[in-house]
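You are given structure tokens for the same protein chain in two forms, set apart as structure 1 and structure 2.
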Structure 1
Amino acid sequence: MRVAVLGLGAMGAPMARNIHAAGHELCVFNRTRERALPFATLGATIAETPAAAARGAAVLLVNVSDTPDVTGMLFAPGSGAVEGLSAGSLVIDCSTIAPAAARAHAARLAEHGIGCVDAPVSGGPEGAARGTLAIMCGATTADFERALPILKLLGQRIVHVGPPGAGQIAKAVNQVVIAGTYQALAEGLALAAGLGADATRVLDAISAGAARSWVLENRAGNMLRDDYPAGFRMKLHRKDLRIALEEAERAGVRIPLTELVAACEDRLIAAGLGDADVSALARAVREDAHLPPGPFPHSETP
């Protein structure tokens, strides 16, 4: 099958590789052309516009940063993918964008007889490389089922959440839940440090019970060491929280914990931590807690 991939960033590039490795004919487009060049050696076609990449593709995968990027890739006059796609083709948008925009994109594509699945992912570049992403899908049942053979090359847990936009709602909820879970862990560690306890032993004591979480199991170590190597970049998480907060406001839903975390992330990004892992949130929590900067007192790395 001919598959076009728009956007070859940290997520899009490994996804394109997995699609190619499964034997599909690949055509790629990336705004910064240099990032597309390695795909030429794989035998992929490098297109000059999204429309050119889309021509003849049965499926078009999009993986860019934000709502306006996706809208431009799909609908920019003269160069948008919609000008190359045929009726009966299918767009799978793995970008994290506003649910309302995802619904609008699906409606505009439907006017051309083109299917659409909003399919934001979680699992990071490692998950993309291994093909083990979690994929949250919004689509009609027919479009979801057509997308499945490609989605199965990219991820392991693939859930049809609901109609167009529902995948983006799930992603927004995901980011809200992890935001609060990071804040909760950071406050716990700040309390332990403020009371003079060994954070490693405290975590050891609480990690098997109701305080257990992915965040505790996988990111507490970053917080203890005050070292936040690339994982999920804070500026991208903040972008996702902006979407969640805008959607919440539009729906009249107040989510105060998410507002609290977003404000902390704003300060940290302004201080130059936008490319640090989200767990760097502990720095803001520690500052607010009036603790000195540096690692949390702990006996060894858990």
Structure 2
Amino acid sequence: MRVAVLGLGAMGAPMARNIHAAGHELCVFNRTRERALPFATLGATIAETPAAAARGAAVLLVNVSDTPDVTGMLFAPGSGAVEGLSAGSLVIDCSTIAPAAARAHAARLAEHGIGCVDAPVSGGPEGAARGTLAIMCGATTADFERALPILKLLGQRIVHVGPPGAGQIAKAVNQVVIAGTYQALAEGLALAAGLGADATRVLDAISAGAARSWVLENRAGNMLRDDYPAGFRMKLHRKDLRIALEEAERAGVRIPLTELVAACEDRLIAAGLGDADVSALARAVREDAHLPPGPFPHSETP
């Protein structure tokens, strides 16, 4: 079928490639057109507006940065995707946005006879490339089942959490959990180095035990090297924590560890690390521990 993809960043581009590789007719749109150009070599159509991309599409997949971006992609007067979608089509929004906004988008699309699934993802660019993402879905049962053929091209763990907005609630919880995991890993490695142990060997020792996690397996190397190439940008994680903290305040739930990590990220973003991978949280931990910058020392023999 014809599938349109809006947003070709670190996550959206590999997701679009997986959809194309499965044999679907692909049309793409990105606000920075240069990012869309490589898709022309795959035979995809490059659209000039979201509305043009959506025209004739059975499914529209969105993956952009924040709530206003999604709203603009879908509903901007004259150019929003809703102008091109037909009744009976389906929107799958893989962006991370506020749950209330996801519910509002679904309601607006329903007025046009268009289904909607909020389907934020976790697993990083690596998971997007391999098609192994975890996908958290909020939708009616009918819309979730319609979305499954596309979602199965993108992820391995696909859960229907509840009605529209529920996927975004699950993603907020996910971001709270990984915030604490990044912070705890950074503190653990700093403790190992501060006590004079080889942090690399300590990591090897704990990696198959109860401390094992995606963060440890995929981002501990960044912390050991003190090098944080772009993966999941810190400023985007901070945006996600803002959503989580706002939801927590609305519910009257205190999440102090998340408040701590958000403050650390504010400090690092102010220092120019907003585009670094979120594992750069280790920089703040190392500074507070008075550890020198650079890779942790590693002994070749115990």
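The structure presented is a predicted model; accordingly, all values stated were derived computationally and were not measured. All residue numbers here follow the sequence of structure 1, with the first residue given the number 1. Superpose the two forms; the largest set of C-alphas matching within 1.5 Å is the rigid core.
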Which number, 1 or 2, marks the form predicted alone?
2
Where the C-alphas stop fitting one rigid part and start fitting the other between the two structures, you find the hinge. Which of Ser89, Ala53, Met223, Ala172 is it?
Ala172
Could you let me know the angle, in degrees, that the smaller of the two rigid parts turns against the larger between the two structures?
12
To one decimal place, what C-alpha displacement in Å is found for Gln183 between the two structures with the rigid core superposed?
3.0
Shift in Å of the C-alpha at Ala289 between the two structures after core superposition
5.2
